[in-house]
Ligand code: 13P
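Just the one chain here, the form predicted alone, laid out as C-alpha cells.
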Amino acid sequence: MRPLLIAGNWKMNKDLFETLAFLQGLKAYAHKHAEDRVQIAVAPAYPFLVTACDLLKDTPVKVAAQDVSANDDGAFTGEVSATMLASLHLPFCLAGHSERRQYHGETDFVVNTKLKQVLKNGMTPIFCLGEKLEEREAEQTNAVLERQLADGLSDINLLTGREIVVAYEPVWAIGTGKVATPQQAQDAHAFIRNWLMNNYNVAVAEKIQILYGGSVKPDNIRELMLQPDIDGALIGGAALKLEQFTAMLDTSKEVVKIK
C-alpha cells in the first residue's frame, strides 16, 4: 500500500510567531504519534522556510515550498528559484496550484517548466491539477485532467513513480466549503492513475501518490482517505489550526490500519 501523505498548505497565512507556535506543537505531536505509513508535510510562507526546516529537522515532518520560479537564478525580482529552495534541502515544492493558475495566469506550459525546475534540483514536486465548476458541470472533468497531465508532464520521464506527487484539487472545492464526494474524488483519482499507467507504465503509476485537495476537514477526511486511489490530502484552511491538523493525522493513522 502507498503511504498517505498529509500536507498542509498554509498559503499567505501566519506570521513568524504564529508559525513558531504551530510548528512547536506539531513537533511535540510528531515525536509522540509518529506513524511510518502517514507522512506529514507543511508548506509555510517563504520567509519562514528556514525557521521551519531548523525546528523540524529532527522530526518526521517534512517542509515544502508553496511555489517556485519557472526561471533560473538571475534578474527576476521577487521570485525564488529552485536552486535557492534546494539549498535548504527541502523535499517538496508545490507547482500548478489552482490559485497560481487563476490569479497569476500560470498556464500548463509554465507549470511544466516549474516541474522541470524542481526535478532538476533534486526535489519532489507536488503537481496540482483540477477542473473548474463550469468544466465539471459541462462534464469536461476528464478532458481537463487529460490536458493538464499531458501538458504538465510533457518531456518529463518518470522511472520509479517516486519522483513526483500529484494533487487533484477540483477548483470549485478549494476554500468554498464544498467538497467532492468520496466517489467523485475516487473517480478523478482513478482517471489520473489510469492515464499514468497508459503514458508511463503500471509500476510507475502504482507508486505515485495522488492527493486530494479541496475543503478537506476532520469530519470528511476519513471517507476520502479510504478510497483506493486517494493517497493523502493537500489541506488548506483546516491545516492552519493545530488541533484540526493533528485530528486529521490521527484519522489517517486509523485509515492505514484498515485500508
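Residue numbers here begin at 1 and follow the sequence given. This is a predicted model, so every value here is computed, not measured.
One more form of this protein should be noted, the form predicted in complex with the ligand, which is absent from this view; the next part is about it.
Novice: Looking at 78 to 86, 173 to 181, 101 to 109, 154 to 162, which lies within 4.5 angstroms of the ligand in the model of the complex, counting heavy atoms?
Specialist: Result for this chain: 173 to 181.
Novice: Report whether the minimum heavy atom distance between K11 and the ligand in the model of the complex is within 4.5 Å.
Specialist: Residue-level check for K11: yes, a contact with the ligand.
Novice: For H97, is any heavy atom within 4.5 Å of the ligand in the model of the complex, or not?
Specialist: Answer yes; at least one heavy atom of H97 falls within 4.5 Å of the ligand in the model of the complex.
Novice: At 4.5 Å between heavy atoms, is P44 in contact with the ligand in the model of the complex?
Specialist: P44: no contact with the ligand in the model of the complex.
Novice: Taking heavy atoms only, is S215 within 4.5 angstroms of the ligand in the model of the complex?
Specialist: The answer is yes: S215 has a heavy atom within 4.5 Å of the ligand.
Novice: Only one of A52, M225, V68, L234 gets a heavy atom within 4.5 Å of the ligand in the model of the complex. Which one?
Specialist: When the ligand is considered in the model of the complex, the option within 4.5 Å is L234.
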